[in-house]
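In the form predicted alone, a lone chain appears below as structure tokens.
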């Protein structure tokens, strides 16, 4: 599994390009319409794990389906591995996992073999990949059982295996760990990090923000069909409005949060940063550090996608 050599490419070598993509759905009478994507543009670089986030109905699954050629854009376009979305030959170089997996009534190992054969994997390599995947995903003991007897979590593992069996250059995964237990999530996380280490690209859509925060290099947040925030995880989680000051030897009159070894923590706004430092110095205290306050990915996500948010996608995108 994952036997191809590492791919040496620059960050500008985009493997996924969404170019001003819009998708509009209309009702049967073509009177009412709903715009799932609205001028959506994004580039995903080779060799990164990219987290694709958004609330239900934001347009994530629509974007993934357009990428794979399962539906077509109303306007705009894009490329995957340098070819237009939906290119049949290119799909053999992709590993795709849909949000809701559904399989033919076959044994697990036979199903994985079937998808490998569809992607043109030769028999010797295919046997080796199936063996590795069954072991890695703890399916070895049930490989000869029909998937109709499987739990939701076991079906999810089979779905992940079929996405990996062709040793893809690009993985497009929609909620890959949603039905997995904590141990299986760690296993999948290690598989994805190994894929990245070999120069492969992972485009990961998930509601499990803790997983995104742990493994993703960059994150894009989509809301109402528009990209509203883009950047590395560290960039996105550093607040530009609040700062954390750690000091020692300050007077009790300067109200802060006591920590260990006489260290006191202050959280101040950007406007209060300079006066607060001067107050610490004036009291005879020592400033140990001044850093932007960290927030969780969940806090950022909720601030951008709350029901009353009126975020302007074009104005909010940061790289």
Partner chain sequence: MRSIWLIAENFVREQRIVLMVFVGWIFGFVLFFGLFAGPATASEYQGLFQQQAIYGVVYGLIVALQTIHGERKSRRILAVLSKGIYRGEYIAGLMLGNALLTSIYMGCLGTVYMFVSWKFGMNASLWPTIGAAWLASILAGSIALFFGALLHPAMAAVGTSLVMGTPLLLERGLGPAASMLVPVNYVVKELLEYSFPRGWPGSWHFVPIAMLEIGLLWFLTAKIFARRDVTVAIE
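Since we're looking at a predicted model, the values are computed, not measured. Numbering follows the first chain given and starts at 1.
This protein has a second form, the form predicted together with the partner chain, left out of what is shown; the following refers to that one.
Although the partner chain is omitted here, in the model of the complex none of 259, 266 and 281 has a heavy atom within 4.5 Å of it. In plain terms, the part of the chain that comes close to the partner chain in the model of the complex, with a heavy atom within 4.5 Å, is 90-98 out of 231-239, 90-98, 194-202, 132-140. At least one heavy atom of residue 162 is located within 4.5 Å of the partner chain in the model of the complex. Residue 51 falls outside the set of residues with a heavy atom inside 4.5 Å of the partner chain in the model of the complex. Residue 41 falls outside the set of residues with a heavy atom inside 4.5 Å of the partner chain in the model of the complex. Among residues of the shown chain, residue 186 is not one whose heavy atoms approach the partner chain to within 4.5 Å in the model of the complex. Contacts between stretch 88-125 and the partner chain, counted in the model of the complex as any heavy atom lying within 4.5 Å, involve 88, 89, 91, 92, 96, 98, 99, 100, 102, 103, 104, 105, 106, 114, 115, 117, 118, 119, 122, listed in sequence order.
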